[in-house]
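Shown next as structure tokens: one chain only, the form predicted on its own.
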């Protein structure tokens, strides 16, 4: 477990981790068979040559697995290679687990086959679309400061001929926000639930020297237009599971959990949930009232706000959400499903703690910031 938690949001492909910094190819182009098996045991198969990444080859064959940036910066096309040889090109630091060559973790957009591949995808077959959705236009309707360095960005979609105002997504997914005139794109999780009014809500931590953060802090205003790409991502509830749920979030990693919990409240679900929200100090606490309101409507929800550098007056948990998770797992008799959203150090530490306490690795679901 790290001694200092790092809480951030979005992705920014500034720092690049390379498994293979350069790809080298033979003069002769070789074609390989790619089989992608989804978690509901459906499969698609297509050909991919060794100068083509798997995402591009799938799309050329009429299959569109989840993806947004297609440059190794968002992690939406993450999968697991069950068999076969490949080369993995550069990608943003923190997107994949440490030592991906050991876990065979890959990004479809950065994987070049060196033979036939069998790939396990962490989503159902219905997540593989048959066409590429276009970008939507939206307008900023609210930019509210919630806490130290944290803002809520609210957008209103502009109706189009195909969708009207509706925007279909699953709680837990994210979109990519684009400011075309700044040549700027960033991915953020949605904090609200699907609706017919075209309303989108995001919880964003303002990063020092962050380009998108600078835009929000100094330039953004109501009425400005933003392009919305997506949705994407597979960080959604496994609906077939009856296990209790543990949500562990670092800072604005709370956003996908707010979306999931709000959906649970809308549908009147009674699934037991433990939420661990981690912040560095009390000034960074946000959505406190919203969480209290959710507890009133979801009596099975237990909220733990974990303050790492808490003052003596703080009456809730002193420490990190990983510490709180460890204490909970020591006391519970039923193995939960664990959902982790935050920066890589938090995700890696929480994963280790969960496995040490007997949680099966296939019951741990992660969304990493980079």
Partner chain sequence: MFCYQCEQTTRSQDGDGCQTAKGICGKDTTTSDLQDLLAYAIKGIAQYATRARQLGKTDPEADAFILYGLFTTLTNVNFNAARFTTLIHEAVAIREQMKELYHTAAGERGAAIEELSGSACFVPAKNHDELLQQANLSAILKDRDTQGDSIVGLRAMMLYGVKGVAAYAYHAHVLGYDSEEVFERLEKALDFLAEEPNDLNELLTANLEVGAINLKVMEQLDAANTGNFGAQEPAKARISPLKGKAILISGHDMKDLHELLEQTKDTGINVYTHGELLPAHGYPKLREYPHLAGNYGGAWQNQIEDFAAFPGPILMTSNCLIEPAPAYRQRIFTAGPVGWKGVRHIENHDYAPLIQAAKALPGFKEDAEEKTVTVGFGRHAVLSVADKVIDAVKTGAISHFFLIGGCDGAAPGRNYYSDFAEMTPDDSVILTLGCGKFRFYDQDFGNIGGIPRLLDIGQCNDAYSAIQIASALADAFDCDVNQLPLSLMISWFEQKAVAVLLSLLSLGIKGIHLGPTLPAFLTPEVLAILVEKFDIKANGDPAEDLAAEMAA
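What you see is a predicted model; the values in this text were computed from it and never measured. Residue numbers count along the first chain shown, from 1.
Quick note: we don't show the form predicted together with its partner chain, though the next part is all about it.
### Task
Work out which of the listed stretches, 146 to 154, 76 to 84, 101 to 109, 196 to 204, brings a heavy atom within 4.5 angstroms of its partner chain in the predicted complex.
That would be 196 to 204.
### Message
For a quick test of understanding: in the predicted complex, does each of 40, 161 and 267 have a heavy atom within 4.5 Å of its partner chain?
### Response
Affirmative, all three are within 4.5 Å.
### Query
in the predicted complex, does residue 165 have a heavy atom within 4.5 Å of its partner chain?
Answer yes; at least one heavy atom of residue 165 falls within 4.5 Å of its partner chain in the predicted complex.
### Query
Applying a 4.5 Å heavy atom distance criterion, does residue 239 contact its partner chain in the predicted complex?
Yes, contact at 4.5 Å.
### Query
Taking heavy atoms only, is residue 185 within 4.5 angstroms of its partner chain in the predicted complex?
Close contact is absent here: in the predicted complex, residue 185 is far from its partner chain, nothing within 4.5 Å, heavy atoms only.
### Task
Check whether residue 283 has any heavy atom within 4.5 Å of a heavy atom of its partner chain in the predicted complex, and answer yes or no.
The answer is no: residue 283 has no heavy atom within 4.5 Å of its partner chain.
### Query
If you check 227, 297, 288, 271 against its partner chain in the predicted complex, which one has a heavy atom within 4.5 Å?
Checking each option against its partner chain in the predicted complex, the one that comes within 4.5 Å is 271.
### Position in contact with its partner chain when the complex is considered in the predicted complex, options 71, 243, 139, 120, heavy atoms within 4.5 Å
Flagged contact: 243.
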